[in-house]
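Only one chain is included here, represented as structure tokens and corresponding to the form predicted on its own.
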Amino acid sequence: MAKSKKTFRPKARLPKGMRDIDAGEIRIMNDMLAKVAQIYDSYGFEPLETPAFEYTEALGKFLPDQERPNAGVFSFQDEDEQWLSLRYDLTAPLARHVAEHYDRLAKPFRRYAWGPVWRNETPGPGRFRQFTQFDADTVGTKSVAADAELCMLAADVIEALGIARGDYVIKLNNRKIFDGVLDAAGLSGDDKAATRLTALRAIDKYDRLGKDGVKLLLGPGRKDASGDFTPGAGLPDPKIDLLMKYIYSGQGLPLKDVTDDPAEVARLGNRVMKFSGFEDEENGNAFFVIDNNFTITNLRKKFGKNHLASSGIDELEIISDLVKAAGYDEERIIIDPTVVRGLEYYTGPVFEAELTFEAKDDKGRPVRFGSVGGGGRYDGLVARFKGIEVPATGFSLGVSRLLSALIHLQRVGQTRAPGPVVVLVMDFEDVPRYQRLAQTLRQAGIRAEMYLGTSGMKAQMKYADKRGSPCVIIQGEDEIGNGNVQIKDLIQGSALSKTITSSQEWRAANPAQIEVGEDELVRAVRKVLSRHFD
């Protein structure tokens, strides 16, 4: 006897590094995105949507790793054997759009966009291969007023989402300064490109790894707590010392020289920072007060003789003056030389939005949210297509990480939105009657549905509970004869069930259930909803 062929059944599983998002989080995120869009709109940016994937050549050498398909991006070939890649960010698609429609666009071209992006990188806790970004960009102007504006926009967005002033900071720097320092360290030229990129990413991790971690990444490499080894830039000690000198140039004024009053220290808030690696740290002088003018003076004193670095310092000074004139002082926007951003395409001012409040998880362990957005000037992206320089600058908000912070701060709800009012079907031969009741509620702006299954009343009530329904509508033969409907408040009923102990008492009290005429349906349901959700 022949064996029956076994039916193949695929395993129900998520792709590695991906996640499903439930209704509650989607609703919270949509509300958050609407608030961000409102701020972007107020600055005069216009929405634009670009495809999820582009020709791989359009993403170019700015991929996370090497210039080849599937290095940092997810790629595939079309019917013409051309490589396509899922977008790594929203900036490269914008550059392609501007180049393709350059002649018809008003310049400066100002757009905002949001949507998922994909990175073919090793996932980890809280680090996914697909996540949402929300960008604002200005293309077609060299004026650093555009960069200053994005720093202010970032601060406005974070505050509009409920994060208090003092619980975040916008960090500002200029890649020209860092590139000038690299030039002084003998790291210019195409043959040093890989070393420069490694040094760049090492400096970018200073806030997380500190002095010792960065020095290892600039030198032989670093092994993390898990045992994984990250190769370093292999720089000799004198060059490492020069780069560390660059980091320390943003130290600010020693706190001991500013104040010893605890109340004044508290008032200074974000402006007080600790820097590791100073000779007098053991004497208690590792805390400094950030002052943008002081940092600019310090940078100019140490690196101003380099033409490229001097140009970057001048731009920082202009931006600092612009934001201060608009009311954004060091409480919100500070100059921090350690902010260099990890991508190669930045060519001038760079900035990051960082959350600074102290947080702990359910087990009392410290939680660090850190950077929730960033961006900067990228004057070379459009030029790849056009052959002419088209200056541009942009800011990208990390929606998922910021949403986690908002939930942690309880600035947004963590529970599901109320489910729909469910109209129970008491007679499956008279479905149009129940559909009409549901439609009456919808037309009044009330979320409602008719039960679409085939089960009896007990199962229908269980369904309504699982849907999170605030109430159900019941219309049986008796109610139809009287022109009435019954409304059962499931939320109140659940609460009362904890205090009423006998079924006889329950039937006598008949709590949480009322009967009204059909013409009173909408008013009565609104009364139930207002009881629990207004």
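Residue numbers here begin at 1 and follow the sequence given. Just so we're clear, the structure is a prediction, and the values are computed from it rather than from any experiment. C-alpha atoms forming the largest set that superposes within 1.5 Å between two forms make up the rigid core.
The same protein also has a form predicted in complex with a further copy of the same chain, omitted here; what follows describes it.
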Which residue, Tyr112, Phe303, Phe288, Tyr168, is the contact with a further copy of the same chain in the predicted complex, using a 4.5 Å heavy atom cutoff?
Tyr112
Just to be sure I understand the contacts: of Arg208, Arg267, Arg436, Arg368, which is the one whose heavy atoms reach within 4.5 angstroms of a further copy of the same chain in the predicted complex?
Arg436
Can Arg96 be called a contact residue for a further copy of the same chain in the predicted complex at 4.5 Å between heavy atoms?
yes
Is it the case that Asp41, even though its partner is missing from this view, gets within 4.5 Å of a further copy of the same chain in the predicted complex, heavy atoms only?
yes
a further copy of the same chain contact in the predicted complex: Arg526, any heavy atom under 4.5 Å:
no
Examine Ala146 and determine whether its closest non-hydrogen atom to a further copy of the same chain in the predicted complex is within 4.5 angstroms.
yes
Tell me which of 114 to 122, 237 to 245, 212 to 220, 305 to 313 has residues with heavy atoms within 4.5 angstroms of a further copy of the same chain in the predicted complex?
114 to 122
Under the 4.5 Å heavy atom criterion, name the residues of 15 to 49 that approach a further copy of the same chain in the predicted complex, in sequence order.
Pro15, Lys16, Met18, Arg19, Asp20, Ile21, Asp22, Ala23, Ile26, Arg27, Asn30, Asp41, Ser42, Tyr43, Gly44, Phe45, Glu46, Pro47, Leu48, Glu49
Align both forms on the core first, then report whether Ala154 has a C-alpha shift of 2 Å or more between this form and the one not shown.
no
Aligning on the rigid core, do we see the C-alpha of Arg165 shift 2 angstroms or more between this form and the one not shown?
no
Taking the rigid core as the reference frame, is the Cα of Arg119 displaced by 2 Å or more between this form and the one not shown?
yes
